Structure formats: structure tokens, C-alpha cells
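First, one chain by itself in C-alpha cells, the form predicted on its own.
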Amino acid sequence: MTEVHPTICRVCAAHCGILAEVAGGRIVAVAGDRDNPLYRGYICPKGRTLAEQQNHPARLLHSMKHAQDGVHAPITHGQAIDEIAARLQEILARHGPRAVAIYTGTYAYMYPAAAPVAMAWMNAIGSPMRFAPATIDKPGKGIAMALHGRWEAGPQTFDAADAWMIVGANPPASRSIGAPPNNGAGQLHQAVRRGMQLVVIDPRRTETARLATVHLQGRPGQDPAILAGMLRVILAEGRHDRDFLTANAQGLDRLAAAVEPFTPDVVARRADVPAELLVRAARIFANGPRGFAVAGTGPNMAPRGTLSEYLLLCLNTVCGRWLRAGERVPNPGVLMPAFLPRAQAVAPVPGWGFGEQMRVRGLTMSAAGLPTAALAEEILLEGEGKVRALICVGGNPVAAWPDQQKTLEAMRRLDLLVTIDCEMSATARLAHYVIAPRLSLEQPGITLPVETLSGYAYGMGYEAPYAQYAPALVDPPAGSDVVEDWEFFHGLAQRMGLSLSLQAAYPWMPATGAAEPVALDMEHRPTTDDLLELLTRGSRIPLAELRSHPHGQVFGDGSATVRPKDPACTARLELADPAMLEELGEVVREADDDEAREFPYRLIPRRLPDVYNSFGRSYALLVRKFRTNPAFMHPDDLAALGVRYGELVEIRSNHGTILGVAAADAGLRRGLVSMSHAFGDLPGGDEEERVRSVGSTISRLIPVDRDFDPHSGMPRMSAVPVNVRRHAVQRPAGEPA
């Protein structure tokens, strides 16, 4: 008998509503759910692989232990947790809590209980060493918001926008939560058809750029100059929202003085964009009258990513792109307490220089978290405070972290490396223990992590008061021994005699954003549903009510409107943070690129639509187009190098060299190489064959201790100076070594 059940896809942060077909206790097919009120049947290729994921022969069905002979062998999860707990207690007793670190990768947030229970365990052992992906792809977002201040009511919404600006993002390809917030391609097309004017800043002519009213295809790394130039046009022409700024912001005169050098002609020379298009883009955005400006990982990974995000916030504030008193609250909350904000600023706070101090490069905790790019150095640096144990949840550092050489050395130097992974990834093959987890359709889930983005990460999350609960649909395969991520940490705590207190806290939420923690019963293991009830206590809509809507539900509330400003509120949004204006002054004084002669090309990132970071390489559907991460270049650049499609090229930076498979992209600017991060594998074997079969690890080109942001620690991961040449020896694709 075949049954079809509504559920949630947890391949990426979008959490689309889908239908899963179950036969004989197995997932046999997945499709979009037309009855889902938000996604209305949308599903991407990644989601269509859920059945293959559940039943894939390479899936780990038992935890693994690295033996002395270098081979991993199965071990029961209970025995693995026993041994890990004993080793952790020894490390804590000898070296203290700072010796134990955790990395919660992107996939930790697909499971709502995983990160909260992991953080509860870290609280219990007293370790501050918590690392996440935000500081290696978009730390500027959190830091810039801290320096600028936050608007309590949030931004104007995409569905009502007259003008929208997207910098370095391509929602139709990323297919993830962003702006537009749900089905990126569909919403963009609909908005443009209804008359919304779209401004895109991107060195690639992407699917998004092809829909733009104005596309500024500038040099990578010049986003601060372009944004400063737009601010100058808006202020010089008096297109700013004077009333809003007078009531809610400060520093306008200092901002105006700081952007004064960025005339349209100056920006045109620096960024290689037509001056008249810059002016037109500024006028479109300022005239709106409703809209917002958002950035993707591209500008965040480029030099001065925090400054780019700060200038975007200044653009939004200068043009008054925030919700006002009496306007509808787009998402008053579903699984969170009711969100009824006021039309007022939340004062700026420090962006860095607080919390845990790193031992390397003068780095500290920042508003984006501890600098993940410095963790390998912390592991390698001897002395008091050295990190000796690392637990990875939902991440693959060997593929994802910058400077793979240093990452590999650090992983091999650890006294204890534990990873929770459904396959033997590059990191798993170095781990002392690999814990085999249940997959998404084998455990309950809710959309809570995505909802929390709505209030704290502008341009992300749900604009509608939408939520969905998904029960477990199937049991794990017969004979398997798998656990949920949270069960691993609960088991560790029991064996170590620790008490855990749970709260619905995620890295993007400020410390004051979560409800008070609640103590867990350590004598009796809770169920996942028990934890979901605790994580949603005090929610506007009870979890029991959500369960009665199996396809998900938009819980409208016509009375939810933005309240007027509190008369006692004196907070203002900051347009002239001293550190940001100092950095903008450095941009003015920047000399010509000294590396242009030796490294004439610039390496920039891109999303491949059918993979998500290091996920998806094992599934036939997702590698039908690209098994590798091609080195895309403009056809004229390939011709000048004498390189044909499919041939190998050598890409060299001032730190390392990789091979790439050449591919043409006529939408690129000349002088660029565009590749996807998080590909590749452990080094060794025939490099040419490996590059063609699993891709190249871009991070081998990127040092972590040179050319890095002094506040977030993130190295330059876009606009990287490189040299490119045809690889000397060319074997036909697929020819054995």
C-alpha cells in the first residue's frame, strides 16, 4: 500500500512544503505540495532527492570508530558515546572547558532541536568555543546591524515593494530563504511583471540580473564604492527621507561628508560601471517609494564585506525603508511569542571586542560569533587554552573552511574529533568517531529555525505568519543504529553527570531574543516532540494547533500592526559609525591593485543550483549537469588562454594552486574566474581525476592569516587575485590515470 504524506523538506533553509510517498515503510518519491499555502507545489531538484538520500547505499547506518590501523569500523552508538564521554571528561579535567569546541554547520539548523541541545551541552561544560558558518560567509550582516542599530518593526516587505536592490545574490540559483523570501525565481518574475523595478549589483549577468531594470556589472570587490556613490547621488539630489531621519537617525552630515569623494565619475573609473547607470540606479531605489536593499554572500566574502553591509543599511535608512506605525506586521509570529513591535530604533551595540578572546591575530567575539576562520590556528597553537577536542554537527570543515591545508593539519592534530554525518565525508574520514544520524523524514520537524530569522536577519525568514509541523514518516532502515543529533548530546550529558537547560536560541538571534531556558529531565530521555513543545512554549499559535494543519498554515492576524514609537525611546539609528567611516576613508585612499600584473584575474564564488554547500555530490539527480565545480570564465578569456571547454586550467593565488575544469559563461565580466566553494575532497591520488570527479577545493587558494577582516576574522574569499593558465598535460575527460 502506498501513502502520501505532507511534510517539510529539510535539504536547505527554505523548508519547502512537500509530499512524500511511502510504500513498505520506505520513502519512494517526493513531490511539491500544491496544498501548501506558501510554496504552492514548488520543489527544487535538491528536494526531489529525499527518497534517494533515505535509501542511498553510501548512507551511514552505524556509527564508526577510527581504529589504530587507520580504518573506520562500525561501533554501536551507545558504545561510541560512552568512549567519547570518557575522553571528553579527561580533556576537561586536564585542560579546562576552553579545550573543547563545537562547530555547528549549516545542516545543524535543519533540525530544530539539534543546535539548542548542543548549546545546552556547551553551557553545561562551560565552554565558550562555539563556531558557526556565519563567520565564513556573511559576518558583515550581524556586525553591520550591531553598529547601525536595528529597526524594531523590520523592513518594508518584498510583496509590496516598488523598488528592490539585490547585491551579489541570485535567488533563482540559490533556491533558499532570502529576499525574495520563498520561491526566489517565481516571486522575482511576479514582482517584475507587476511593475517592481529591480536594481542588481553583480559582476555576473545572473538569472536575477537578467530581470533587472538596472544591472551594475562592476568589478568584484568594489561594492563599497558603488554603494557610497549611490548614497552620494541620493543625498546630493535631496532624495532622502528627511522626516524619518530627523526623528530616528543620527550622523547624516558625517555620512554625507564621507561619501562626497564618490562622485559618479570616480565610481565609474573604480568599478567600471557607467556613471549614468549608477545615477539611474540610485534614483530608482530612492524614488521607490517602497522597497529594500539586500546583499548575498558574494559581497560579504569580498574585501570590506562589513562595510558593504553597513552602507546597505545606511541606504535603507536614508530612504526610510522601514515599517511605520499603523502598518501591517508581516509576521507577528507563529511558533514564537507574539511579535508586536514599535516603530522605533533599537540602539547600536558593539560589533566586536567583547566575549571570548581568541589567542590568534587579536580576534574576539563579534556580533556574528567567534571567527571560524581562526579555529584551525587555535587548534594548532600550543599553550594554555589550546583547543584539543572538536565536535562537528551538520558541517564538513575540510571542504568548507578557508585554507584547507591548515584545516587538515588542525584536524589531524586534535586529541578528539567527532562528527555527526550521514556519510563518510572528507571530515568524517579524519574523525576519531562518526555518529550516524537519523535523516529528516525519520524524525519530527518544525519551521521554527526559519521563523526566528524573520525577526533578526533582514531580508531572510518568512514574510508571512507561516509554519508547518512534520511528524516522522518512516523508521530508519531495519538493522540500523542511528540517533538524532540532539540525542548524542543528551547521551553525553547523562554519562558525564551534567544537567541541560534548553532554550530556542540560534546563532543569528541576539542574546535577549530567546525565552528563558528550561531544565530538562536528565533521568528520562525526552522525545523529539517533547523538545519541540519546550522550544515553542509561549508561542502565539500552540504547537497542538499547528499539528491540525498538516500542509502548513498561514495564521493571519488583521489586528497585528506596528505600534507607535514609545515617547520615552531615545535610541537612534547610526549613519556614521566611526570605524565604518574610517574604513570608507581607506577605500578613498586605496591605490591601484599592485597584484594585477602577477595575478590579473579575480576569483569569485557562485551557486550551482542543484547542490547546497558540500551536500548533494552523492546523488545522481544532482550531478547530472556538474559533477565538479567548473572554472567558469568569459569565452574571450578562454580563447585568449588557448583553453577549450572541458580542459583543465591551473589557478594560482599567492597561497596555493588548484586545477579547474574550464567552462564558458558569457554573462561574466572579462578577467574573472567563477567557481563554487565547498567542493573537493582530501588530497591524494590522481589530482586530475579527482578534480573531474569531485571538484576543486577553492579554499586551498585562501590563507586565513593574510588579507582578513580584523573584526570577523574572515579572510578574502571573493575577488581573490589569481593567475590562470592552461594545464600543461591534458588527458581526455574520463581517461584513467
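The numbering used is simple: start at 1 and walk along the sequence shown. This is a predicted model, so every value here is computed, not measured.
In what follows, reference is made to the form predicted together with a small molecule, a form of this protein that is not presented.
Contact annotation for Q187: none of its heavy atoms lies within 4.5 Å of the small molecule in the predicted bound form. Within this chain, P299 lines the site of the small molecule in the predicted bound form, having a heavy atom no more than 4.5 Å away.
Mapping the unseen interface onto this chain, A400 counts among the residues with a heavy atom inside 4.5 Å of the small molecule in the predicted bound form. Contact check for N613: a non-hydrogen atom falls within 4.5 Å of the small molecule in the predicted bound form. Partner proximity in the predicted bound form, defined as non-hydrogen atoms within 4.5 angstroms of the small molecule, places exactly one of 319-327, 379-387, 240-248, 104-112 at the interface: 104-112.
Using a 4.5 Å cut-off to the small molecule in the predicted bound form, each of T206, G221 and I604 places a heavy atom inside that distance. Scanning A286, A161, M119, A169 against the small molecule in the predicted bound form with a 4.5 Å heavy atom cut-off leaves one residue, A169. Only one of I201, I143, M633, L313 comes within 4.5 Å of the small molecule in the predicted bound form through a heavy atom, and that residue is I201.
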